[in-house]
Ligand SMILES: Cc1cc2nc3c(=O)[nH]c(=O)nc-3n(C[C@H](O)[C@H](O)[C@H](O)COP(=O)(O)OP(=O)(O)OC[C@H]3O[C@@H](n4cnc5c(N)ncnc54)[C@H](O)[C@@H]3O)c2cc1C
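Listed next as structure tokens is one chain, alone, in the form predicted on its own.
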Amino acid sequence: MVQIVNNKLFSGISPKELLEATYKASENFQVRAFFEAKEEILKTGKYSEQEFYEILDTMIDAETERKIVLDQLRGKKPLFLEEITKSIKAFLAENVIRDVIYLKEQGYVEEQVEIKTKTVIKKIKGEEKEVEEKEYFYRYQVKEVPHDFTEHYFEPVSIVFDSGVCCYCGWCSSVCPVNAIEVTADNLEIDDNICMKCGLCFTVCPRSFSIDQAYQSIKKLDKSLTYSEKIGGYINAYTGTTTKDEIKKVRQDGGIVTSLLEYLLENKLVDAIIAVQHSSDLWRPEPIIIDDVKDLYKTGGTKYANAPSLKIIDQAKKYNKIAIVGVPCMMKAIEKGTLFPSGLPFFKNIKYKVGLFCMESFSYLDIIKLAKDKFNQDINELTKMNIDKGKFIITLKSGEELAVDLKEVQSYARDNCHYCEDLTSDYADISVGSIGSQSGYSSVITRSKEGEEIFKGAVDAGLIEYQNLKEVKPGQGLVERIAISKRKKCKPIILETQKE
């Protein structure tokens, strides 16, 4: 818990201010719920007693910091996040950004959105046209609240499921301290007899409240990154292909993900990888922990049906360093679990996040239906599915390829995918997908120092050949066009309590 002596986090804060903020922090419902459920949490065995107190300490520290930020914001006019970080010097800028977003969810801070419309000239199908573009500006100001105000209580994540926007990533199941949540590819259930109503599941859920403004502001602080409204923050963008014949046999496009994972395991940069493989039902993917290179090729190729990969994160605690492969909603979930509620990752062994490009995914039953309705094929006859040049393509055991227009299969996609604005896994360390690259190649976006290092490491090891994505056709331009199209089509998330 907060200590006045030798506490570097609060070195610029007076003892009186720190004590008052800590007292207020101790009243936080999440802190109290976690502390009061200590016996049940330790009995579950997910967190050791040392981990329990480490999480509790960081929750109190983060809540104390928020109370200090709140006090320092009082009386100020509405400010952009960047302006707030310049006015509050006591804490790291990224911490202040994180704090303001969370204070908004707690009910203390109001987000004010200003929309400005401008007319720009754009070339559409070879013809220059005037089009209107909207710009959004977000400012934040402390609310005037009554003296008997109590901060917002976070409902269990079932509210996200009941609102029809759950992405079934499985993160809430792994984070839940008492194992009250069960997630499958198509369902979420909470055992009310076990649930301790701490709201941690809601806090870390990628679909509960938005962290987009925090992400953008934090990424813009990092001058080593290029920031794009279309594909997020990144270091470099490449197109690449594997050099290994064994990987070419199982790859979907360029075999980049499998090559990266092999590089990580072979060089002991990770002890294990969480990915997906085909289950006993072909095309029904299941999450798997891989800790041996010989099992790695089971995960090769794209699986278009959803799998709740993050539900097994807690089962990988025995490993010191792991990498996770997942779609955009999973990458956002992990990032959110790092930011909130305390800035301490629930699972500190996550070293690399490998994100996949994803427009949308399908349920297993809808994959079966799609194959039957559009191709008149049994799902077990398919050896490969692919999306390329606006077509949904299947390959049969006979080697024959069949294709339909991509628009014809979109009605089979999961509706909850339409609440996702992210095509290129903005929150990953390195993102990989087929869009923008030629057949047999994959597009790669490095988003962090770690992501750039492992890509170049795999190249130096002779596993990958590459070019700059801007130097090929259709290249980075196509990635950006499809990415901004997905952002514009994204549905707003409205939870049940917000509808009332």
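Values in this document were obtained by computation on a predicted structure and should not be read as measured data. One-based numbering along the sequence shown.
Another form, the form predicted together with the named molecule, is not on view; read the next lines as being about it.
Although the partner is absent from this view, G451 stays clear of the named molecule in the model of the complex, with no non-hydrogen atom inside 4.5 angstroms.
The closest non-hydrogen atom of A237 lies beyond 4.5 Å of the named molecule in the model of the complex.
At the 4.5 Å threshold, heavy atoms of V432 reach the named molecule in the model of the complex. Interface membership of I312, defined by any non-hydrogen atom within 4.5 Å of the named molecule in the model of the complex, is ruled out. Just one of E335, E151, E360, D271 comes within 4.5 Å of the named molecule in the model of the complex, counting any heavy atom, and that one is E360. For the candidate set I379, V142, I211, V276, a heavy atom within 4.5 Å of the named molecule in the model of the complex is found for exactly one residue, namely V276. Partner proximity in the model of the complex, defined as non-hydrogen atoms within 4.5 angstroms of the named molecule, places exactly one of 115-123, 351-359, 218-226, 86-94 at the interface: 351-359. Counting a residue when any of its non-hydrogen atoms is within 4.5 Å of the named molecule in the model of the complex, there are no hits in 362-376.
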